[in-house]
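Have a look below at one chain only, the form predicted on its own, in structure tokens format.
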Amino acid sequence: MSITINQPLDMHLHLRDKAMLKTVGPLSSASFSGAIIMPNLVPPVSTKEELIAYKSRIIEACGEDTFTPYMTLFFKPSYTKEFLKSVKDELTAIKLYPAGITTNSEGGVSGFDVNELRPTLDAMSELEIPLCIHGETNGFVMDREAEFVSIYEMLASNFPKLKIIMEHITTRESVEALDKFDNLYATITLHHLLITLDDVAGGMLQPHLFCKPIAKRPEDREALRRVALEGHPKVMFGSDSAPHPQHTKESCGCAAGVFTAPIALQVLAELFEGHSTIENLQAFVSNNAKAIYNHIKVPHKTVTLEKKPFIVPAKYGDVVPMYASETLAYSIVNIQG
């Protein structure tokens, strides 16, 4: 069986920087036309100069591949309309992190005071700059995302012209919120379509499956699968592929993140084919994203997969991927673009 995907997009990707960028960047640029790049470096990307410099480093790391990094800034309520106008041509979205909730997010938002956020969010609405949000509270870990839904709803109702992307959703409650507001959208990762908390910690701890938001219950996974597999127009693929060196994953204080970039399309093909919805894969990994981010220009690329065994490498550099050393059903056999 052969499957060809046109202009595949990863709408939530961590490429890190320096040596790590040089290792993982080409693993995404080889098979994707473009990706939304997360800004939580150390220090986070928060100025026009930092954004342009980071984009240049990504392009250099990805070499001759046909690939567009869609850049984001780390949200600050101090961004003015004048500043946003000055950076708009270099910018695809702005990413908001609650303070301290995930990797390198200590400078994020503490509290969600509408009056404090309004000047920046009104300017973003007027300039049509989407807001991407890591939606978790500081509550009990299994409830953090569900608790944040009320904040999504507050923002969506107060800023109806602001396009809000609920990033890497993991719960039934987030799925249900999608259809309550016209301006709410979502990314869904590969690993949250596949695993539950039982896979992470039900037996021996699996550090390479530990991520934030943490994997949830089977019923949450089923809700995610339903909207992804049906090609729901408000959801799109965002890998949240988050590489860490092996020693920081296999250690006390395990770093949060699952590295899926080099296997994402192969595993998605198997998942969609296994549920007899292969015709909706194109929407999930490309068409929906192009409609939601309707201002982006996507370079031409086609990726063809065949049902041919692919043995996942044990490591890429010093990064262990999901399904390391296991055999997948699909292989990428041709890339044009």
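All residue numbers refer to positions in the sequence shown, first residue = 1. All values reported here derive from a predicted model rather than from experimental measurement.
Just so it is clear, the following notes concern the form predicted in complex with a small molecule, a form of the same protein that is not shown.
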- Contact label in the predicted bound form: His134 to the small molecule, heavy atom within 4.5 Å: yes
- Going by a heavy atom distance of 4.5 Å, is Gly257 a contact of the small molecule in the predicted bound form? yes
- Message: Since only the chain is shown here, I'm wondering whether Ala242 would be in contact with the small molecule in the predicted bound form (any heavy atom pair within 4.5 Å).
- Response: yes
- Task: Report whether the minimum heavy atom distance between Cys211 and the small molecule in the predicted bound form is within 4.5 Å.
- Result: yes
- Please determine, with the chain shown alone, which of 109 to 117, 95 to 103, 79 to 87, 146 to 154 has non-hydrogen atoms within 4.5 Å of the small molecule in the predicted bound form. 95 to 103
- Message: Under a 4.5 angstroms heavy atom criterion, identify the one residue in Thr68, Asn40, Ser31, Asn288 near the small molecule in the predicted bound form.
- Response: Asn40
